[in-house]
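Taking the form predicted on its own, here's one chain by itself in structure tokens.
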Amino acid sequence: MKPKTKILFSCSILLLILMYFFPIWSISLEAPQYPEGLGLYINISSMTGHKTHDLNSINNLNHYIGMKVIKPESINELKIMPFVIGFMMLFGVIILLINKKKLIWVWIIIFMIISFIGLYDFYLWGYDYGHNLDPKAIIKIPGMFYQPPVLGTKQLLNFTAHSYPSKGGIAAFLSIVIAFIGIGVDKRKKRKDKI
């Protein structure tokens, strides 16, 4: 493994630390009756409102349309995620110590699989909350469901929902990109050496 590859891969590993300090994902809601908006941050081990009372306000709104109460402490994925990211960091350090470039590919593939599983799990979570509604809800609109978008913007009644990666999620994406660049730098160096 060339020095540049080691430096770049080390940066990939260090970037994952940001996931422990910044939200991974952000869901925001805009509506005329909420000019300041409402929102949720999905963190590595918790779920919090953009503002202090946002989670409570969203749960109150969800009650009217029959959605389940969002209880961050009951979401098992939030208990597992810190260990998953910790494993990826530890595995990255082991790769640096072993000094095998091919293992960076293994690291990237595993991390990409974890990311896709995470997004699919997020989709299933949103589907469950948005589709499995209480039949005794105060507001019932036949055929209407309230699943937030996994990525992008969606209209839900008079609310516009936005769902995008936050700082921690961007750090995870950049981590994979930089690892790819590290492998590419190594390949370019070999081609130049052959010439």
Partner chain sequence: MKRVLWLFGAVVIVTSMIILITACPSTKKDGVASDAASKVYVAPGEYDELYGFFSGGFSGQISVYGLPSGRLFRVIPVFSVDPEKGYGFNEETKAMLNTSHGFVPWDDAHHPEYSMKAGMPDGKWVFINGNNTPRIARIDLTTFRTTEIIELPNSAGNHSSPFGTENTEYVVAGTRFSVPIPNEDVEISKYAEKFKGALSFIKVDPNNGSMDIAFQILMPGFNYDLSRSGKGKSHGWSFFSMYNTEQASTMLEVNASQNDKDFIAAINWKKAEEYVKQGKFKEFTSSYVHNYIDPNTHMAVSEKRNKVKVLIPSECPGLVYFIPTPKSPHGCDVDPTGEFIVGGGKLATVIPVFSFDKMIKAIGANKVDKVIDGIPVLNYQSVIAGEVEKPGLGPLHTEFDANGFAYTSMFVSSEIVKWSLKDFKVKDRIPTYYSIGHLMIPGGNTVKPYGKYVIALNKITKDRYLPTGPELCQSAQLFDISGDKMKLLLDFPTIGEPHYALAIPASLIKEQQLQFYKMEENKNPYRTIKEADAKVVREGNVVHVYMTSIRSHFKPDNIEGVKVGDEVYFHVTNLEQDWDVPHGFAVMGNTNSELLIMPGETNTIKWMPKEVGIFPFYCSDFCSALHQEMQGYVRVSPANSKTKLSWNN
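Being a predicted model, the structure only gives us computed values, none of them experimental. Residue numbers count along the first chain shown, from 1.
Absent from the display: the form predicted together with its partner chain. The rest refers to it.
- Among residues of the shown chain, Y127 is not one whose heavy atoms approach its partner chain to within 4.5 Å in the predicted complex.
- Although the partner is absent from this view, L14 stays clear of its partner chain in the predicted complex, with no non-hydrogen atom inside 4.5 angstroms.
- Residue contact with its partner chain in the predicted complex: A137 places a heavy atom within 4.5 Å of it.
- Among residues of the shown chain, L157 is one whose heavy atoms approach its partner chain to within 4.5 Å in the predicted complex.
- Contacts with its partner chain in the predicted complex, taken as any heavy atom within 4.5 Å, map within 27-42 to E30, P32, Q33, Y34, P35, E36.
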